[in-house]
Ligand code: SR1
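The chain below stands alone and is given in structure tokens; this is the form predicted on its own.
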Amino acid sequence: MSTTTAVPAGYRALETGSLAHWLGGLPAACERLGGAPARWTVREVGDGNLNLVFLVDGPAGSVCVKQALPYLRVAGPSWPMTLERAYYEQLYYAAVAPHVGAAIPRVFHYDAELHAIVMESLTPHVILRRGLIAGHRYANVGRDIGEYVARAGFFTSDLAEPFERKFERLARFAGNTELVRISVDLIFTDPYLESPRNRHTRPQLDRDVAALRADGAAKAAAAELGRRFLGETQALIHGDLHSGSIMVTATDTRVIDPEFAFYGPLGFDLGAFLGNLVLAWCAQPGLERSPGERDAHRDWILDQAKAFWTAFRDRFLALWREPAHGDAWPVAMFRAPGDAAALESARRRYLDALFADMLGYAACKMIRRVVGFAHVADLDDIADPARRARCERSALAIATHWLTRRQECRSIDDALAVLPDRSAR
């Protein structure tokens, strides 16, 4: 990890008391909020690992202000962190906005000196993870995120645009090294060895963690996925697409917090979302007040997992079948009789490879959330260590199976069939 970070001379951490005055100098924010700054109310609401987040309400509307701190917020100044992550976040929003529309918040202003983004305030949206923990259901979330990943991934890949344009954008995102380093260490390395950053439910999971770290096949699979994470520039990916990076209402789904964005394997975004859905599924028995109380909610979560992959697959294939201008698989090559079938077969193989990648990366994301640094509230909110450990053990078993045997799963039904029966509580 980086031990130093450059803080520009003009940088300062924004504060509740002075934020309205700063926003008053931004025409786009004034238009959105309405009235004079003295009439605006400001709340600091950040509860994540990285940043300051403020919600500002005015007579006409509201905005969200997100500012990078020069350290990892969850760890404090002892873990310095680049301020440039705000730059990559707004750069990602700008890159995918033409393709995903209202699935991301609208950005009104980016301040390069303060490393702060002024964007649409998502109200009455809630963080998906918190909704899942509370037992709430959002009918379209799986479909919406599948569509989102398909569009953001396809249109920033070689399938849709000339390599010159992709390379230009790739070069910009290649500087996001500190955030990529976090992923490399916390997802693909630390969970499989002794690290002071790791933690797990002790002593209940001691034997499970020891077995994982002695499992050569699992470690080799994780290392290979980590190698491909660094070497596969398939598409511009969000880089941290878990259930805490999605905000929802009953009818609307938005993707937020893309500061980890870079060019990588599309299966990583797919796996991040799938893995977090399955972690939520595993956590439900620990969150229920009486046995079986959340069985229907677990069924709904699995339905969303299926809807997610199905929506992604169908939309990605549909986009690829339309006239495209990318340098990969140029349509002009496939004009002879029989070429259409050959091209369609190649597309199916491509999707099969993405499916296997999704399972592998989902496994890595699940494992790090159980035995590594920065766990998920789905599991951490289970107060009783014994109950929590049972849920975490289930997650580790699923993840290890997907990590080492994902090629055996030919469909999303095959993949979810490895989830343990409800009776194994």
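These numbers come from a predicted model, not from an experiment. We number the residues from 1 along the sequence you see.
Beyond what is shown, the protein has a form predicted together with this ligand; the following relates to that form.
Using a 4.5 angstroms heavy atom cutoff to this ligand in the predicted bound form, none of Arg151, Leu236 and Met358 count as contacting. From the list 214-222, 164-172, 326-334, 178-186, the contact stretch for this ligand in the predicted bound form under a 4.5 Å heavy atom rule is 178-186. For the options Asp144, Asp208, Asp240, Glu84, the one in contact with this ligand in the predicted bound form, meaning a heavy atom within 4.5 Å, is Asp240. When contacts are judged by a 4.5 Å heavy atom cut-off, Ala377 does not count as touching this ligand in the predicted bound form. For Trp79, a non-hydrogen atom is located within 4.5 Å of this ligand in the predicted bound form, even though that partner is not displayed. In the predicted bound form, at least one heavy atom of Phe373 sits within 4.5 Å of this ligand. When contacts are judged by a 4.5 Å heavy atom cut-off, Tyr88 does not count as touching this ligand in the predicted bound form. Counting a residue when any of its non-hydrogen atoms is within 4.5 Å of this ligand in the predicted bound form, there are no hits in 277-309.
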